[in-house]
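Have a look below at one chain only, the form predicted alone, in structure tokens format.
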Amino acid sequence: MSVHPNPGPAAGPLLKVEALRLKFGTREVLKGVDLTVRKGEVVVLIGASGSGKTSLLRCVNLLNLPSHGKITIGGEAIYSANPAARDGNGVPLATVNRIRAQTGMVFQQFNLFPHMTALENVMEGPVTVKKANRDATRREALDLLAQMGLADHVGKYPRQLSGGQQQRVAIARAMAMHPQVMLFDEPTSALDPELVGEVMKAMLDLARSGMTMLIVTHELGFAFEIADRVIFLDEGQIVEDGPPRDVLLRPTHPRLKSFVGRFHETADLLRPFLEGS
């Protein structure tokens, strides 16, 4: 149940992850993951805690450096764990700042600068990192905050905003960098239940605009609504990958069946489809 037209089979991958492995000490948390995401596609990663979904997301933004594999965005290899592809200091193929400018990251915690207003938070990246024109950046930041429903809150500091409002500022801040891919790491998990909906709506609007998105979430009802594809990870490996109707309604892997079955909210959402299938 995609919220926007699928890019279609002819579209090549915007993001490509190949044979990705990640170790923390002796523990391997990603075990040869292969993943492609097409331009305009919304892909949701689900799985139990410790399955590797957040680690995978953080690898795409180079917050985790893989021990093996390759990551490509827009046809450019931004990271390779092949030592021959790095200099003597182990620097990735492109600089970390330039890589992260291609991916906008929204975390569980909002990570806003507490001494800056909402508007200043959104302007900070383009002005400081990209050396963008301040007046033009301000106009764009105001537009982005308005799109997030925050036009009346641009002059407020994070402490004056609700959790949902802070998270929407964080989304606007990430968008201000003009990323090719937006990454969301459980963006509603730190919110009170009554604030979850406003952040989900902002993400749905973003998906409808054609933004490429890779999302980690435990909200399976939301995954069913927003995703073009749902990927289930288990013990550092992708074990199911497909449209939400298949992965969430007709799971085949025993671990996925158990995982989906624990969510009564999702079962209630999907029951009409199950009864009609």
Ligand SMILES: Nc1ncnc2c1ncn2[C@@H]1O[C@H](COP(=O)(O)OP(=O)(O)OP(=O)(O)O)[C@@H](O)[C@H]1O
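This structure is a prediction, so every number in the text was calculated from the model and none was measured. When you see a residue number, it is the position in the sequence shown, counting from 1.
From this point on, the text means the form predicted together with the named molecule, which you will not see here.
Residue contact check for Val29: one or more of its heavy atoms lie within 4.5 Å of the named molecule in the model of the complex.
The closest heavy atom approach of Gly210 to the named molecule in the model of the complex falls outside 4.5 Å. In the model of the complex, at least one heavy atom of Gly52 sits within 4.5 Å of a heavy atom of the named molecule.
Not displayed here, the named molecule is kept clear of Leu249 by more than 4.5 Å at the level of heavy atoms in the model of the complex. When you look in the model of the complex, the only residue of Glu140, Glu120, Glu198, Glu186 with a non-hydrogen atom within 4.5 Å of the named molecule is Glu186.
Contact with the named molecule in the model of the complex, judged by any heavy atom within 4.5 Å, is made by just one of Arg229, Lys70, Arg38, His218: His218.
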